[in-house]
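So this first bit is one chain, no partners, the form predicted alone, shown in structure tokens.
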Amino acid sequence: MSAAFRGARYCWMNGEIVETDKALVSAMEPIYLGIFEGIKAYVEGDILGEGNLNIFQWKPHIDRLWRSAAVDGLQIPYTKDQLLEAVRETIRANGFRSNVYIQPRVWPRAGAEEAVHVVIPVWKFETLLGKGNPRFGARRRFMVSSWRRIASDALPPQAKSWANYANSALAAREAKRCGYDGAIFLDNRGFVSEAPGACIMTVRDGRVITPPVSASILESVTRNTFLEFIPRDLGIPVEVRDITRVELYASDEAFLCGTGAEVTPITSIDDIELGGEYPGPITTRIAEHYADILSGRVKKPGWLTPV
């Protein structure tokens, strides 16, 4: 079983540190109404090593958790600062000194009006980033899923809600069953949306292009971060607009971006190879610069919060 499903030895639950294996709730809990957030803490100076940790983009992530709660009608009984301290306490309790995934979860308690559970599991993860990391350049075949991305008048794709991830799981399972490494959704209009659990960016004629929020994508913290630093730091033009399936096939490069995906290059889509170099040069530049931001070598005030 992967670390993501085991979790670390300790998690934070409803105000205290507890053993993850003992963080139990009733089988009657309405978890389908739950929300969550995906956040990472990286090692300062060398994200492939060990050392002091910084949480990346804490404020935008926790603000999105509050927005997701509002959409799902949930009241979080803690302040944002209290949850930050809970995260720090949980990481320290586990003695972590390497990269950590943090996933605050909120869902209603069974039979208790307006009351919720708040749980923060954490676990170690292996980054794709860092110069010389062989995982970054692994070849990845993607397919356009037969499942469409959920429309915003059916479920709220802009919120990070557990119910939305049934849609993602169906596409991911289809891709695995068909022998692919991942899937790309189209939205209900037929335009490119996102991947299960990550946004997509393409490169064409030296420009980075990504779908708009109106294409049923999650309001991604990582995507917003990239939209800020790619043009400003790297001088690469960025376009936010609808992308057709044909344009996707004709891309010079494509990659996923997200807390989990970081920067994940895509080799081909529906067995159509993208460009003549893999990983693509612009994808590689973005990944290297992102790694420097995460490690603190490139300073971005307010983007890193010490553990």
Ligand code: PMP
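Note that residue numbering begins at 1 and tracks the sequence as displayed. Source: prediction; values computed, not measured.
What comes next is about the form predicted together with the ligand, which is not displayed.
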Exercise. State the residue from A171, V208, A198, V122 whose non-hydrogen atoms include one within 4.5 Å of the ligand in the model of the complex.
Key: A198
Quiz item: What is the one choice in I102, L218, A215, I184 with a heavy atom within 4.5 Å of the ligand in the model of the complex?
Solution: L218
Practice problem: Name the stretch: of 258 to 266, 272 to 280, 240 to 248, 22 to 30, exactly one has residues whose heavy atoms fall within 4.5 Å of the ligand in the model of the complex. | Solution: 258 to 266
Quiz item: Could you tell me if T90 has a non-hydrogen atom within 4.5 Å of the ligand in the model of the complex?
Solution: no
Quiz prompt | 4.5 angstroms heavy atom contact with the ligand in the model of the complex for S145 | solution = no
Practice problem: Determine whether any heavy atom of T222 comes within 4.5 Å of a heavy atom of the ligand in the model of the complex, and answer yes or no. | Solution: yes
Quiz item: Does Y165 reach the ligand in the model of the complex if we count a contact as any heavy atom within 4.5 Å?
Solution: yes
Self-check item: Residues in 139 to 171 with any heavy atom within 4.5 Å of the ligand in the model of the complex
Solution: R149, K160, Y165
